[in-house]
Each structure stands twice: as structure tokens, then as C-alpha cells.
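Shown here is one chain on its own, the form predicted alone, set out as C-alpha cells.
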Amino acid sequence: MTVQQISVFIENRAGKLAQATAALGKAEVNIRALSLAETSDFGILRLIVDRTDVAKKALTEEGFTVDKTDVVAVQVPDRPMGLAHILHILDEAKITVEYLYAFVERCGDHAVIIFRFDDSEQAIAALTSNDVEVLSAEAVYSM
């Protein structure tokens, strides 16, 4: 029950982020979630999109280096301690969170957190056994 994420390596130069998002727009790809992290010369743009393969092709044709990664989308109550509860479950199971980013659903009572774990299958088992909702790829792509 993983979701495919695209990672795009982008030079820290004016116009490169606009070029990437324009390529996605021209390919009629909708962005569902994103995160941009910088390093000294390059940034890493992480994207959840509705059509992963189309997005990867469009970005590659624009000259970007693109990689696909499996991540886990978890639905979390949008209230204090929502994320802390999830992280406590993962800590108890000795699972390492490599990175995460989040967005709030339109209905406003839940957030969706995208996680990259050291062991996704073990993380999914720990979360679902504690009644945490792990979202399917189809559910995330159609948001």
C-alpha cells in the first residue's frame, strides 16, 4: 500500500522550478502534494502527482534528472497530538522516518502525511495494527 513519489533534482537557479511545473502543466499532470528542499547547488523537488509515469516522462524530456520512490500516505486527524500519536507508534516499532511532508484535505478534518521510512512494509504493519489509516495510491492520486 505505497504511493509513488517523483524526486526531481533542480539547480538552484531562477526559472528552473517554473520550468518543471510548466512541463507538468503542459502534460496535464496535477500535483497533489510537494516538498522542496535545498542543498547548496541543487534542490530536491518531491512530488505526488495524479499520473506518475506521464510526469516522469515530461520532466525527463525537459532535461531534469527524475527518480521514482515508494512512500507511504497516512491519514491523520487534523488536531493537536495527531502527528505525535503516529510518531509514537513508529517509535515503539523502532522504525526510522527518513523524511515527511504533509497537506490538509479539503474537508478540513484530516491531514495527509507522506512518509519515507527505512522499512515501509514494517511501518505499514505497525500503523494498521494500531488502527491508523494508510491510504491507497488511488485514493491519494484522486484527491
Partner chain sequence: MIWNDEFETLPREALAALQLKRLQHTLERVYARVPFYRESFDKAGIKPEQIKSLEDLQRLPFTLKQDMRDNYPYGLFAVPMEQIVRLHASSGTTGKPTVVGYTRRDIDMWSELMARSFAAAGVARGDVIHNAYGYGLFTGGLGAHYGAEKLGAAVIPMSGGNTKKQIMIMQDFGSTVITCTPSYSLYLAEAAAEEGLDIRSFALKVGILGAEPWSESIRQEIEQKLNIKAIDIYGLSEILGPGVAIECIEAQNGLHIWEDHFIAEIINPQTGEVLADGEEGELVITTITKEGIPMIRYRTRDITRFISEPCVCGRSHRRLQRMSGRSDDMLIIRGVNVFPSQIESVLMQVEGVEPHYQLIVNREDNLDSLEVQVEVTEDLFSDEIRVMQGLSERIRHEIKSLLNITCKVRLVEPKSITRSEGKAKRVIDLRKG
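This one's a predicted model, so the numbers in the text were calculated from it and none came from an experiment. Numbering follows the first chain given and starts at 1.
Separately, the form predicted together with its partner chain exists; it is not shown, and the next lines address it.
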{"query": "Partner proximity in the model of the complex: Val8 to its partner chain, non-hydrogen atom cutoff 4.5 Å", "finding": "yes"}
{"query": "Contact test in the model of the complex: Asp109 vs its partner chain, heavy atoms, 4.5 Å", "finding": "no"}
{"query": "Contact of Val66 with its partner chain in the model of the complex (heavy atom, 4.5 Å)", "finding": "yes"}
{"query": "Tyr99 within 4.5 Å of its partner chain in the model of the complex, heavy atoms", "finding": "yes"}
{"query": "Full three-residue contact with its partner chain in the model of the complex, heavy atom 4.5 Å, for Arg51, Glu133 and Ala139", "finding": "no"}
{"query": "Heavy atom contact within 4.5 Å of its partner chain in the model of the complex, the stretch among 86-94, 24-32, 73-81, 38-46", "finding": "38-46"}
{"query": "Residues within stretch 115-136 having a non-hydrogen atom within 4.5 Å of its partner chain in the model of the complex", "finding": "Arg116"}
